[in-house]
Ligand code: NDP
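The chain below stands alone and is given as structure tokens, in the form predicted alone.
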């Protein structure tokens, strides 16, 4: 049996942002309709606190796509040649369980996460939103800038990160690649105040976005925190906003921004207005008025990875991209005995 290997460059080639946004819309709507199987992720933390290993399985019932993402998370990698999230997405077919493809997980994660934020932005932000603020300047910042420009008429980008030179370089590259005005902000507050859309894509364990900075009509995508012990938004920011999530169960177990506000008694479980997929499916209403503040808390779901892998696999075969390798998959047996090679001695 042959398995297709898609490295980082190949994934970017076969999983374009626009197509992934639409794919995430269908996938999250399927989640809302109960057409997926999505257990909570399993996170194994290293004893020294240096990193963690995540295991995220998922199954799409209608398409029969079965898969798992295995991901190492080392936030200290920021600024080095290594991504903070590294690993592989394994795609299986649902009839016999055969392995079909192995994809670079960092590129799949970067693209599909930004695509989900773009979907949330399309559903929740004002249609005329043109001022974008991004807190963070890593891989997710790059894909989020692209994704926001895909769904809204972004005119100006303000970026902030704790290392000014990273913000300056990010602004320079964004202006060049996206054709927009992009500037490095001196503080997180100056980046956020007056923005229409804010994306928090940091590795911070403590809040980088304060509720006092929010203005009427703003939409926020909170992306960087994915464990209960870290958060990017303070309690007031969560309390002031109408909160939407990718999945309720995940948020109630893993959403540090939500859990911190709940622990302090500022909100309850009913503060979650709905899932993004429920808006797509027409079961929940999104933005109600032009002045309200909306918040999308992103945690990332395995079904997003599986759907992305299935799409990428099909497109890679069509475009003849990637590398095929022999990889077993047939029934194991003892096989035929290996004959020992013998050498005949020549007669003298």
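Positions refer to the first chain, counted from 1. Keep in mind it's a predicted model, so treat the numbers as computed, not measured.
The next section is about a form of this same protein that is not shown, the form predicted together with this ligand.
Note on contacts: among 166, 240, 271, 156, the single residue with a heavy atom within 4.5 Å of this ligand in the predicted bound form is 166. The contact residue chosen from 299, 316, 280, 60 relative to this ligand in the predicted bound form is 299, the criterion being a non-hydrogen atom within 4.5 angstroms.
When this ligand is considered in the predicted bound form, residue 113 lines it closely, a heavy atom lying within 4.5 Å. Proximity of residue 260 to this ligand in the predicted bound form falls outside the 4.5 Å heavy atom cutoff.
Within 4.5 Å of any heavy atom of this ligand in the predicted bound form lies no heavy atom of residue 126. Although the partner is absent here, residue 160 is a contact residue: one of its heavy atoms lies within 4.5 angstroms of this ligand in the predicted bound form. Comment: 78-86 is the region of 78-86, 178-186, 209-217, 248-256 lying near this ligand in the predicted bound form, near meaning a non-hydrogen atom within 4.5 Å.
Contacts between stretch 202-235 and this ligand, counted in the predicted bound form as any heavy atom lying within 4.5 Å, involve 202, 203, 204, 208, 223, 224, 226, listed in sequence order.
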